[in-house]
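Have a look below at one chain only, the form predicted alone, in structure tokens format.
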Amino acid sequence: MKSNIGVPFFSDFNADLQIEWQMSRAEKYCFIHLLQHLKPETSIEIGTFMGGSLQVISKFSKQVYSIDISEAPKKFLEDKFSNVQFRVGESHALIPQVLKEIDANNQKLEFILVDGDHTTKAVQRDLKAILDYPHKHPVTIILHDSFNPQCRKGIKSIDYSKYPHVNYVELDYIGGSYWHNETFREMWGGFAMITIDPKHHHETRVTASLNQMYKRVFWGSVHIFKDPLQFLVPFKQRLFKKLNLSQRITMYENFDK
């Protein structure tokens, strides 16, 4: 599923064109400028794939932790980024471990990109693992594909009133769109932003500045038929594996083969 939706884009940032970066032009511009502004001491990326966004995080961070379900990113990228430590496994289980490790090393976590498993349950678990941790410093969180109904539902499912240290939640910091390739009217892209401030102690309202557009796009999308059938995905995966047929998920897990 090669993507050229973000090419060409013009920036002083010298992106490696050999690394696939599955973000739109607007997302790339935003991502580069945001990281350039934040200059995080320590960052976490959840879902690395071929390293498109990792190259930006690595450039502007002193230390980065990459979390991915597959060993492929580590094998493919370890020699490219000297300031990145790779962790392989289920993200919701690894996130608390990495957060504790960062604190134990007296590192200052300031940025997290959430771009892993895009199911509602997985997004919810990743986000809860992040928010449940007692952060010592302000943290900016970007969640990619907030325009996707499953991801959006996962972000919205969190009861933010339980997290007084959350001081900003915007589902549409950058808007998404229908995906441009052979998929029929699938909704992808977009950045949600959540910021954490340990000194903040008030309930924060969740905003969605493009919600009217989202609703209109949703009712013209494939998701009104596709998403209610998500419970069939495990059966499809087992069937495809038995028949030795390729699945989209294998692209992310075995792209180095």
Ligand SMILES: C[S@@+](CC[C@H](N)C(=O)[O-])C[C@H]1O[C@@H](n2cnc3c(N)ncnc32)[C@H](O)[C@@H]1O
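Numbers for residues come from their place in the sequence shown, where the first is 1. All values reported here derive from a predicted model rather than from experimental measurement.
FYI, the form predicted together with the ligand isn't displayed, but the following is about it.
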Option touching the ligand, based on a heavy atom within 4.5 Å in the model of the complex, out of E90, D103, D132, E78: E90
Just to confirm, E20 within 4.5 Å of the ligand in the model of the complex by heavy atoms? yes
With the partner left out here, check for me: in the model of the complex, does some heavy atom of Y65 sit within 4.5 Å of the ligand? no
With a cut-off of 4.5 Å between heavy atoms, is T42 one of the residues that contacts the ligand in the model of the complex? no
Even though the partner isn't displayed, in the model of the complex is D172 close enough to the ligand, meaning a heavy atom within 4.5 Å? no
Contact at L127, G154 and E203 by the ligand in the model of the complex, all three, heavy atom at most 4.5 Å: no
Where, among 109 to 117, 172 to 180, 133 to 141, 155 to 163, do residues come within 4.5 Å of the ligand in the model of the complex by heavy atom distance? 109 to 117
Which residues, if any, of 34 to 54 lie within 4.5 Å of the ligand in the model of the complex when only heavy atoms count? E45, G47, T48, F49, G52, S53
